[in-house]
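First, one chain by itself in structure tokens, the form predicted on its own.
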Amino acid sequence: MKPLIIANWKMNPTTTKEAKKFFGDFKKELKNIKNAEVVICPPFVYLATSDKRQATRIKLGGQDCFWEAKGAYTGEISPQILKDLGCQYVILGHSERRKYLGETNEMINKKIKTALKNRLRPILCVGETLEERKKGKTNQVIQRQLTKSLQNIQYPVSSIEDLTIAYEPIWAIRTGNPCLPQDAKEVGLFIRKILSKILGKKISESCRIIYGGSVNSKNAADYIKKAEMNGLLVGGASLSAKEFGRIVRSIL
């Protein structure tokens, strides 16, 4: 299983010109990468800016999708649209959407079902706040998020990449205060345990578990080698092609 390295550009850049340059820079920086699966998740409006002919080297993902394949849902984007634009992956349940847009585990559950039905590979984000961590509630929060988000999933496993769980401790995102590799490893093992209960041992062992939260080229390798994660979800550091390239090369 190749490590999965995801660039989440969030609401960046702010112009099509910049986006085209971003894609060009990333393709040059990552042109010789063969032993990792790299996915770029740009804002929706820039998905068509990417050259689909590069899909075998750099794959595309959406930052979210709606729970219906099509219809009268103003402002939303459907999994079918993402597929048409060349996406293979979609990030679901990111803490910023939970916090700012009020997304619930029940909403995320519906999105995961629709993504799988339309052959998009969900990247489900889970993680605790600093307050929850201080109170010793990390496992409780993670278990609730996983259980409710994956409830009654009719899981059509076609490949080992169908489902990815991204552990993103909320207190580590954009703070420059990443989770210690040993702590991340403990949560990763707990996630695998809960997945086994929800999806069965065979499926749970095939799911990737990755880390996100203040990842950079200096700490990236530790999350793969020490925390035994299957990849990384990179935010701020993915806005620099050179830094992102250093992150990818550091784990190989």
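What you see is a predicted model, and the numbers here were worked out from it, not measured in a lab. Numbering starts at 1 and follows the sequence shown.
The following text describes the form predicted in complex with ligand 13P, which does not appear among the structures shown.
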Distance check, residue 227 to ligand 13P in the predicted bound form, heavy atom within 4.5 Å: no
So in the predicted bound form, does residue 132 come within 4.5 Å of ligand 13P, heavy atom to heavy atom? no
Does ligand 13P get within 4.5 angstroms of any non-hydrogen atom of residue 96 in the predicted bound form? yes
Wondering, does residue 179 line up within 4.5 Å of ligand 13P in the predicted bound form on heavy atoms? no
Among 167 to 175, 81 to 89, 138 to 146, 114 to 122, which stretch has residues with heavy atoms no more than 4.5 Å from ligand 13P in the predicted bound form? 167 to 175
Contacting member of 214, 204, 49, 217, with respect to ligand 13P in the predicted bound form [4.5 Å, heavy atom]: 214
Can you tell me which residues in 213 to 245 come within 4.5 angstroms of ligand 13P in the predicted bound form, by heavy atoms? 213, 214, 215, 233, 234, 235, 236
